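Take a look at this one chain, the form predicted on its own, written out in structure tokens.
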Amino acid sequence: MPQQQMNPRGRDVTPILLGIALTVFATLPFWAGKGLVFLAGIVLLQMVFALAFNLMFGLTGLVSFGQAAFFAAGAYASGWLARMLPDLPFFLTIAFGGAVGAVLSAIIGLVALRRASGIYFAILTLALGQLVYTLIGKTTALGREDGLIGIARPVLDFGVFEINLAAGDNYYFLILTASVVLSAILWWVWHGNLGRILAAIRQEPERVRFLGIDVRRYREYAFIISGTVTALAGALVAPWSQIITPMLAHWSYSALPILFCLLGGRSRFWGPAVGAIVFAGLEHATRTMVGVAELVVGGALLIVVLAMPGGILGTLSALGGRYFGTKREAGHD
């Protein structure tokens, strides 16, 4: 079962942190510079990327080192289609990116989950992900190593009115809205029947199989849902950055959601989102430390992971429960 996010002794701090984060992201364009707003848009999509990954990692226990392939597939598919058919409705290009990610994840999941498990599954997904990275870098239509550039932010035509996504911070607010919607869908899956079955599979796969549930099929469901949502996040990043390169499919980019999950707490739904925010904050704070930024960030992350086995969110919830529980007990006495 997914770990409950309510400490029985006290109050859960997750809703408080979620409200603060949403308020900051929603008001950011009104008080921050353009550079910080751009970074916030990337972080929002990376949060969705990490939450989608944790649907496998946190629930089913599957570790994939090829998730960046789906992110890149969504970005390249939508970016290529937008350049080829600039008059095509924007949401169709985003949907196309998600569809490509769904098909790719279905193919890779079918091959990987039928052939391997555990560490072998992780290595196989790494190999398949690197294959996608190589193919992108060798494909002329996708810009080869130079990538795709000049991806425009379109105008949304709703008939009675239009929204120019290239004007002001309109596209940022679209990313914020899309991130909330995609996160809500993942939250629903995590806390629904599918999420409970996936959690049971992680804990007792043999017992679940004995009950007549096709374990491999449900793992494939998780893999496809994760890949599809990841591809949708990638499709949204293309017009935001307006340039995409093969590095989006590299294995090092696949390591980011794993880091976010460990940092924020993989047993809690919002843990990866917290990890993504903290990691981005550390990188932004050390951006001027030439030559030592990587050491500072790496050292800080190592301390957090070692000192907080349950991740930042798990530790904060435990501390909050202890504080409020103690306070309530003192008041009762």
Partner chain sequence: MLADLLLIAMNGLVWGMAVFLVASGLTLIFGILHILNFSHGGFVMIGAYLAFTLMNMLAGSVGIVAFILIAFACAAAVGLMGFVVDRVVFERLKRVDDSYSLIATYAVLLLCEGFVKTAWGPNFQSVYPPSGLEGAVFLGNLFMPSYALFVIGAGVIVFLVLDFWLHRTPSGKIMKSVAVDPWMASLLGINVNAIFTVAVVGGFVLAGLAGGLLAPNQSLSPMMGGVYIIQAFGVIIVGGIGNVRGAFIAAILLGLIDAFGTVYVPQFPGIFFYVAVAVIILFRPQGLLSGIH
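Residue numbers count along the first chain shown, from 1. Quantities reported herein were computed from a predicted structural model and do not represent experimental measurements.
FYI, the form predicted in complex with its partner chain isn't displayed, but the following is about it.
At the 4.5 Å threshold, heavy atoms of residue 309 reach its partner chain in the predicted complex. In the predicted complex, its partner chain sits beyond 4.5 Å of every heavy atom of residue 173. Remark: residue 95 does not count among the residues lining its partner chain in the predicted complex, judged by a heavy atom distance of 4.5 Å or less. In the predicted complex, residue 91 stays away from its partner chain, with no heavy atom inside 4.5 Å. Three-residue candidate spot 24, 38 and 44; no residue lies within 4.5 angstroms of its partner chain in the predicted complex by any non-hydrogen atom. Heavy atoms within 4.5 Å of its partner chain in the predicted complex belong, among the stretches 77 to 85, 216 to 224, 249 to 257, 158 to 166, to residues of 249 to 257. Between its partner chain and the residues 186, 262, 104, 236, the one pair within 4.5 Å by heavy atoms in the predicted complex involves 262. Contact annotation for 40 to 68: residues with any non-hydrogen atom within 4.5 angstroms of its partner chain in the predicted complex are 57, 63, 65, listed in sequence order.
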